[in-house]
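One chain follows as structure tokens, the form predicted on its own.
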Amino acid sequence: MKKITVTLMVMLLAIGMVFANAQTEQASAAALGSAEAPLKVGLICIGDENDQGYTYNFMRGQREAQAKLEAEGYNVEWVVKFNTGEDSTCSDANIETAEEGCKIVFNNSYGFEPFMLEVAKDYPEVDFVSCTNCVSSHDDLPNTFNAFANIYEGRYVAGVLAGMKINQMIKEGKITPDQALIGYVGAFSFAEVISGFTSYYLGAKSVCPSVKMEVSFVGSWSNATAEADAAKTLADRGAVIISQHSDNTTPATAAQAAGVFHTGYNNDMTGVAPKASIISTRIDWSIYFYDFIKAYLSGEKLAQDWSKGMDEKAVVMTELNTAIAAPGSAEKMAQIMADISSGKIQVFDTSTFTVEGKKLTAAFARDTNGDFAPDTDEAVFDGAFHESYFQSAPYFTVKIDGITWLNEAF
């Protein structure tokens, strides 16, 4: 009996210690973010705000999240590293922010992830987040995270508006149906970009059945000159609308210079191309920054693989340029956004496209490197390819009919 009593006391003591440790950790996290102990957060960026696109959009998210946290009484101090390369300088930036006392470090570019993961091993007390990536969701490091949003939904909406503009041009006799060509400037020929331009094309095709697309890859996320040159080449080849998955505004300005129309990414580009740019779509990163930081300060953890879509305002459209948009665009946009948010529209509905003349009946869910996404190897079910369903990062790599790749860039 005495032995049982002693054993029970030891067990109760152990449970008490675990509970006390948990309370201590929560109290420690809660103490951060106060006037006496600000929470330091790092943000490592591939560019700077001068791109008026990708990094600009991240900084917009940072400012909006900061304002919301401040309004709730939290004290957060940011350490931002601009113009970081997808190389050893990324490792250095992650080390520097950790050494400067940052408890959370956000990395904003796809190519940052392998460097971030190496550093994360040496700083287990710091949470490292890789935006637009996938490995952090299933590695063996509890302090690594990844996040993305269903931007393909916003691209589909932009594609619908592009298709409506093309229909207007056809109706007015400016082009014929067989001249309905979209040009797309892509960074690299892998899943994130393929998913984006395919959803854009499907949006355009849903209202303009004769539309075709040509894609030119520039081999860089942020090369203003190459992006402009690609847009000009596409316009010279007959594209009447240019879109992009690249970081700068130069595809918009090149489209305007060529006398064609444009839809953008990351930022409202009507300021630089008011006669060309109809609308843009972007991820509202303030939602993730706020959610992650608030959870951390509450002593909690967000899921290691985070993604939200249009229904939760993580994917948004910029203001419609009504001066050049086709008649009825605002009403159509509202309808399509509502239908996507409700699930009525499945962007990759397999009844809306073919692959080498056949309906897509099966496709592996793969990440950008060709690896299988966690938990599954089949993404086609219930009549659609389910993008960002098994992991937040896109894995759509199917080459569908109607889209011509002019080159490749990995």
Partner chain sequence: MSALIALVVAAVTFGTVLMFGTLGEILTEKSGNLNLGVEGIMYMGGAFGLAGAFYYEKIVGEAASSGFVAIILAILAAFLAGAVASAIYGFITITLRANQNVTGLALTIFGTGIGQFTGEFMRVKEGGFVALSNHLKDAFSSTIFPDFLKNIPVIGKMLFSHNFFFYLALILALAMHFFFSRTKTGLYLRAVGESPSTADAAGINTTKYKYLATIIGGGISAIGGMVYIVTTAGCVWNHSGLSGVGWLAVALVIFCMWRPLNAIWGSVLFGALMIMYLRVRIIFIPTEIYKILPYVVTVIVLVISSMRNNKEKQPPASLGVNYFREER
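Note that the structure is a prediction, hence the values are computed from the model and not measured. Numbering follows the first chain given and starts at 1.
The protein also exists as the form predicted together with the partner chain; that form is not presented, and the subsequent description refers to it.
Contact check for Gly271: a heavy atom falls within 4.5 Å of the partner chain in the predicted complex. A residue is said to contact a partner when one of its heavy atoms sits within 4.5 Å of a partner heavy atom; Ser351 fails this definition for the partner chain in the predicted complex, lying far away.
Gln179 falls outside the set of residues with a heavy atom inside 4.5 Å of the partner chain in the predicted complex. Among residues of the shown chain, Ser216 is one whose heavy atoms approach the partner chain to within 4.5 Å in the predicted complex. The partner is absent here, but in the predicted complex a heavy atom of Gln52, alone among Ser341, Gln346, Gln52, Gln62, sits within 4.5 Å of the partner chain. Interface residue among Cys131, Met164, Ala230, Ile283 relative to the partner chain in the predicted complex, by the heavy atom within 4.5 Å criterion: Ala230. Heavy atoms within 4.5 Å of the partner chain in the predicted complex are found in one stretch of 81 to 89, 169 to 177, 146 to 154, 206 to 214, which is 81 to 89. No residue of the trio Ser195, Thr318 and Phe390 has any heavy atom within 4.5 Å of the partner chain in the predicted complex. For the stretch 235 to 253, the set of residues having any non-hydrogen atom within 4.5 angstroms of the partner chain in the predicted complex comprises Asp236, Asn248, Thr250, Thr253, in sequence order.
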